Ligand code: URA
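Shown below, as structure tokens, is a lone chain in the form predicted on its own; questions about how it binds or moves come after it.
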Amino acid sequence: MRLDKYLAEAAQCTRSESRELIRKGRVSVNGAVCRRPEQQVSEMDSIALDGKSRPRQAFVYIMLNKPAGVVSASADKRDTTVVDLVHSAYPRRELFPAGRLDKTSTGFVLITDDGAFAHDILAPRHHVPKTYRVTIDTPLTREMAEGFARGVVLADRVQLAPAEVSPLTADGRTVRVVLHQGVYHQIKRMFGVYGAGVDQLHREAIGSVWLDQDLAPGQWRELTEAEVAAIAGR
């Protein structure tokens, strides 16, 4: 690709800014200063800005601790989105959430620009399990636990895949739920079958990767290569 395009993506700047950096002699290709924005380069070339290597990431994978009130979308005319929270650090990336959380729910949202990766982890045939901490308005019962394990039949007669639910507190009102599929408002609808309402829902983990406890609501970090591989099942 052109050097100015490569640099814009690697340095997360605009194309005009990258062209200016190149013309000022601040960019080198394989150790030699290059002042031609149109210079063709590849991933095999060593690109440096001010002497520091600038490898281009093919894709980014972000762990965000979603606060309540933020919507799981790339853009929204009324509300702040999860992508809005990270956009300033990735102005040249076309990011989107790989999966969704309700506006009132909190916790781990994975944001990426890798469409194939998102498709793979969300595809029904190998849907990555997700773990939630849920507060309900009535104690967990044996009927609920056994029903979740069998696979809840929703009010509209949709048969869900088996799920796990276990108490986290002595009063049985805070529970951990592990889902193996993704259905709209699934946890609320599952508990609704048993006459229980959901007061709070917090996603703790995607696959074997747990939300970083150092991330306050609204904070984020990039996933490590090992975490990306773990979520993808590699």
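Keep in mind the model is a prediction, meaning the values are calculated, not measured. For every residue, the number given is its place in the sequence shown, counted from 1.
Missing here is the form predicted in complex with uracil; even so, the following discussion is about that form.
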- Message: Partner absent here, but in the predicted complex, which of 161-169, 180-188, 25-33, 205-213 has residues with a heavy atom within 4.5 Å of uracil?
- Response: 180-188
- is_contact(residue 148, uracil) in the predicted complex, heavy atom dist at most 4.5 Å: no
- Report whether the minimum heavy atom distance between residue 128 and uracil in the predicted complex is within 4.5 Å. no
- Message: Taking any heavy atom pair closer than or equal to 4.5 Å as contact, tell me whether residue 101 reaches uracil in the predicted complex.
- Response: yes
- Message: Since only the chain is shown here, I'm wondering whether residue 62 would be in contact with uracil in the predicted complex (any heavy atom pair within 4.5 Å).
- Response: no
- Task: May I ask whether 74, 96 and 111 all come within 4.5 angstroms of uracil in the predicted complex, judged by heavy atoms?
- Result: no
- Task: Enumerate the residues of 69-87 that have a non-hydrogen atom within 4.5 Å of uracil in the predicted complex, in sequence order, or give none.
- Result: none
